[in-house]
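We begin with a single chain expressed as C-alpha cells, specifically the form predicted alone.
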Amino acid sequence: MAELVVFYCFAAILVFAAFRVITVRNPVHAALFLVLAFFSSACVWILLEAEFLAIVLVLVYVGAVMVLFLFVVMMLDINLAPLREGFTRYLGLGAAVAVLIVAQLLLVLGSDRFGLERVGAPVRRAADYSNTEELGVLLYTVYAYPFEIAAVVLLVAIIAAISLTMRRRPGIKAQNPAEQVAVRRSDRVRLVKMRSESRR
C-alpha cells in the first residue's frame, strides 16, 4: 500500500512538471521543470526495480544534457516577447491535440489491456541482484546485432554532423595546421638593418 502511495505521488509530480514544461514561458524555468520531470521518472523506475535506467537518466540527461541546455539558454540573450505572443493564438489547437493524445493513450493503455489483473507487479529480487549485469548480458548476447547496428547508425550521424560543420563556406576564415607547422623563420621575420642615429 505504501509503495502505491509513493508511486502516485511521483506520478503526480511527473505530470505536473511535464505540464509546466510546455506552459511556462521562461525557457530557464521550463528546463528546470524538465529536470524535475526527469527526477520523478527516475524515482518511478526505481520503484519498478530498473535502477540502471534511473541512474542513466539522472546522470546523462540531468547531469549533462540539461546542464548544457541551461548553460546555452542562460548565455544567450533570448527575447521572451515573441515567445509570449503566439501562446494564446495556438492554445485551442494545442488543447485539441492534447485531448486527442490522451484519448489515444486511454484506448491503448486501458484497464482491459494493462490493468493490474493482466500486468502484475515486478518479481521481487534478492539484495545481491544486479539490474545492470542482467541488462549487460541481454545487450551483448541476445541483442548484440541490434546494438552494433545502433552503434553504426550513431557513428554515421557523428560523421555527417562533422562533415556538415567542416564544409567550406564563403566568408569564413579557417586555419591550416599543416601550413602553420611547416612555416620557417624567413617566411615570418624580416631583418631590417638601419644606421644608428646620434641624438644631439
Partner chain sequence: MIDSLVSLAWTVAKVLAILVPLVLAVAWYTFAERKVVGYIQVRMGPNRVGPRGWLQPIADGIKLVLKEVIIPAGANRFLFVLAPVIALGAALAAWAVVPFGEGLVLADINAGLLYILAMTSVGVYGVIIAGWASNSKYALLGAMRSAAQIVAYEIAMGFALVVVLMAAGSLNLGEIVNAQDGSILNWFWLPLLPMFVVYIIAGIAETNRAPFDVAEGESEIVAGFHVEYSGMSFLVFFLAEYANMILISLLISIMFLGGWLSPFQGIFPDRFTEGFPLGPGPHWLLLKTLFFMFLYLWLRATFPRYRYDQIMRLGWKVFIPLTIVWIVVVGVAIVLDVPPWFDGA
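Numbering follows the first chain given and starts at 1. Just so it is clear, the structure is predicted and the values come from calculations on it, not from any experiment.
Below, we refer to the form predicted in complex with the partner chain, which is not included among the displayed structures.
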In the predicted bound form, does Ser186 come within 4.5 Å of the partner chain, counting heavy atoms only? no
Wondering, does Met74 line up within 4.5 Å of the partner chain in the predicted bound form on heavy atoms? yes
With a cut-off of 4.5 Å between heavy atoms, is Tyr90 one of the residues that contacts the partner chain in the predicted bound form? no
Taking 4.5 angstroms as the cut-off for heavy atoms, does Val44 touch the partner chain in the predicted bound form? no
Just give me the single entry in Leu68, Ala151, Leu138, Ala160 that has a non-hydrogen atom within 4.5 angstroms of the partner chain in the predicted bound form. Leu68
In the predicted bound form, the residue from Ile55, Ala144, Leu48, Leu155 with a non-hydrogen atom within 4.5 Å of the partner chain is Ile55
Pick out the residues of 5-27 whose heavy atoms come within 4.5 Å of the partner chain in the predicted bound form. Asn26
